[in-house]
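The form predicted on its own is given below as one chain in structure tokens.
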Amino acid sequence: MADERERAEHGRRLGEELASKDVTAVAVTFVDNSGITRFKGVPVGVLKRAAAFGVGATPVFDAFGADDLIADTPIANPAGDLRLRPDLDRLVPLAGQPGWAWAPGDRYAQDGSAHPGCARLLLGRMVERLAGRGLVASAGIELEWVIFQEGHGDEPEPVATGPAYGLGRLVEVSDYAADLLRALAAQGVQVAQFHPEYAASQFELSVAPADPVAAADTSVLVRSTIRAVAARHGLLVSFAPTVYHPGVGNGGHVHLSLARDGRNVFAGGPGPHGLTPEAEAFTAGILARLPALLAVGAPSVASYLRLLPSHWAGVYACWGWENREAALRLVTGSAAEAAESDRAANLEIKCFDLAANPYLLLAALLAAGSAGLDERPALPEPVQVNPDSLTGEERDRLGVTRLPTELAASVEAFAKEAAITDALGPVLTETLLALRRAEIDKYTNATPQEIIAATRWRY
């Protein structure tokens, strides 16, 4: 009861503070297993009660597909309820949606125990397990999206027509971009980079690294802000894995690093390019489990329309120093940044997209890397060319394999990968398998164009 009283008092104070700033309600969010952010709205006058006891949320949400159809799983039972409790330490007024604030939520059973399907609580537990090893994880998720004209049809029109990475493209959306960066700054988001990307009317934004739970929270907040500011400018955005066919899709690259005693283990070590033995083992653990991880990080049938060779999508299971065609890119920074290499060095995983639940994806990555720390497998030699340019014999010698080209193969690998499924637990594992298989069945005979049309506005 003491904890409930403390949370209630915190909620009361915040509710009064928000009301004084003309904030009417708080959107308390969670991300489902299909990567869709769901929410419950709480008026600021009842934030006190929501903070103490949470708000009702059916466990059936765990079985929602991206199309809102409910997969046939044991958890999809209309009986029972959960409590969605806002994390008030992360609450922030939304600059792109005046009158609203946002807070990520954790889900608990009615008896107060952690809901086994709550990906945010799972990620927190994975972070704590690493801390038990003396390791502190940092993460960041890059965001790519395409901007369209409002009033979209079957083939929506891109807003910006300028060349890839070109300044001309910025000119076309300059006011929107400036308002977006102002809104993110007002919300306390530290943007590291913003620039046009390769596909037509595509942009990318990256943020400063943070602990994994905060990184996943920020990914949710930034995506919502990008969409909200676009709406105020009469624009539409899509984070879907593929929005054009053929073409380059939207990625959701993950950056990960580990520190021990305040020192980044991805720098200053005796291994290749400064890797320490711990960084090598952690990387090898992820590398060996990339096919299974795709069922979490590239979770849609549409994801596999994006995973094409020579598209910087990282479709080969290999690693390389600053190699944008390798699934795992070791980022060390320039020689001029040597003094900061301890801060900058990290592992970028390129084969994932924004259909993924960021909490679930980071939890699965930490589970895979932790398995590497237990097993201490040898990290193969780095690949410093486009793996697609190698002969089959050369790839065999280097141990380079093509990642799955369809969701069904990733799901099969996931089902067999105990290091990940044990970490997620049976409830999450069974639910994920049912959801992925339901989506596979739905699109069995669909064309790429039909898949894109069905998923473009879901993400």
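Heads up: residue numbers just count along the shown sequence, starting at 1. Predicted, not measured: the structure shown is a model, and the values here were computed from it.
The form predicted in complex with ligand GLU exists for this protein as well; it is not shown, and the discussion that follows is about that form.
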| query | finding |
| --- | --- |
| Site test, Arg7, Phe53 and Asp87 vs ligand GLU in the model of the complex, non-hydrogen atom cutoff 4.5 Å | no |
| Contact test in the model of the complex: Pro212 vs ligand GLU, heavy atoms, 4.5 Å | no |
| Gly105, heavy atom within 4.5 angstroms of ligand GLU in the model of the complex | no |
| Heavy atom of Lys350 within 4.5 Å of ligand GLU in the model of the complex | yes |
| Non-hydrogen atom contact Gly251 with ligand GLU in the model of the complex at 4.5 angstroms | yes |
| Listed residue (Leu82, Leu360, Ala284, Ala313) with a non-hydrogen atom within 4.5 angstroms of ligand GLU in the model of the complex | Ala313 |
| Answer option from Ser257, Ser238, Ser300, Gln202, heavy atom within 4.5 Å of ligand GLU in the model of the complex | Gln202 |
| Candidate stretches 374-382, 216-224, 243-251, 257-265 - the one whose heavy atoms come within 4.5 Å of ligand GLU in the model of the complex | 243-251 |
| Residues of stretch 413-442 in contact with ligand GLU in the model of the complex (4.5 Å, non-hydrogen atom) | none |
